[in-house]
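A single chain comes next, written as structure tokens; it is the form predicted on its own.
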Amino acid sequence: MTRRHEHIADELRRAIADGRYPVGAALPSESELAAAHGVSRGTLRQAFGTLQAEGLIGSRQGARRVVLAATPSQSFTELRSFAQWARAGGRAPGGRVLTSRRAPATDAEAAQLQLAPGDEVLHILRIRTLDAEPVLLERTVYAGWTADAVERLPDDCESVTQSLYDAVGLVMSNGEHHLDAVAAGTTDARELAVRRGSPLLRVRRTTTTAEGRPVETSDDRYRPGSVVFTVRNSVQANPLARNTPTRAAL
């Protein structure tokens, strides 16, 4: 059963998403919202905490909470699956495999997955949805040692990460991400329902086990407006590196 603060967070999230509380607007006061929902301020603050963790609202002492974004953010300080991220934002994740094939690894794939050139890998093209709307097209290459387990998953598997853990105990512990922008190609446009040439956020990622063994490398392309990524840094610890793109990456 949904806890009360989760229900309130979900209602506020929807109100932000549909523009009732646009970016820059202040939310009603704690006392107004607590009275409207019939809850204590403590319960309401739990709901606020959820929305703040998602990057949707911000606060400062003595002022009302302000809407910072209309889309929940994904932090790079934690590695979560698409389904985990979606559920944390109160959304319904979905997915479907479009194509699946085994092939010899290219030199680039072999380097990323620590294989020998020509070793077998598994290519999966998968569309991901939020609340039944297409938001992400994944082109994932799995190391050959994972191929059997991945192929046994249903085509509409909601969480590949969780399913692989449940099936074979595979834990994806570490990830490296590279962000850039690309123009939508023919396949991107068709599956994400955008115009060909539309700008897409691309995240190229490689995921490994706790021991550092590569599991997958992927080219993920997000529909505009579907996701916000957040990086929080400090002078003590900065997980974000700024790099000049190489010719091969363009």
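Whichever C-alpha set is largest while still superposing within 1.5 Å between the two forms counts as the rigid core. Since the model is a prediction, treat every value here as computed from it, not as a measurement. So that there is no doubt, residue numbering starts at 1 and follows the sequence shown.
Form predicted in complex with the DNA: not shown, discussed below.
Residue contact check: R64 to the DNA in the predicted bound form, 4.5 Å heavy atom = Yes.
Could you confirm whether T186 comes within 4.5 Å of the DNA in the predicted bound form, counting heavy atoms only?
-> T186: no contact with the DNA in the predicted bound form.
Considering only heavy atoms, tell me if R195 and the DNA come within 4.5 Å of each other in the predicted bound form.
-> The answer is no: R195 has no heavy atom within 4.5 Å of the DNA.
Counting only non-hydrogen atoms and a 4.5 angstroms cut-off, does S31 reach the DNA in the predicted bound form?
-> Although the DNA is absent here, S31 would touch it in the predicted bound form, with heavy atoms inside 4.5 Å.
Scan A53, V39, A69, V182 and let me know which has any heavy atom within 4.5 Å of the DNA in the predicted bound form.
-> If I apply the 4.5 Å criterion carefully, the residue I get is V39.
Residues in which of 214-222, 186-194, 31-39, 199-207 have heavy atoms within 4.5 Å of the DNA in the predicted bound form?
-> Contact-bearing stretch, as computed: 31-39.
Compare the position of the CA of P224 between this form and the one not shown after a rigid core fit and state whether the shift reaches 2 Å.
-> Shift at P224: below 2 Å after core fit.
Just checking, between this form and the one not shown and with the core aligned, does V182 shift 2 Å or more at the CA?
-> False for V182: its C-alpha shift is below 2 Å.
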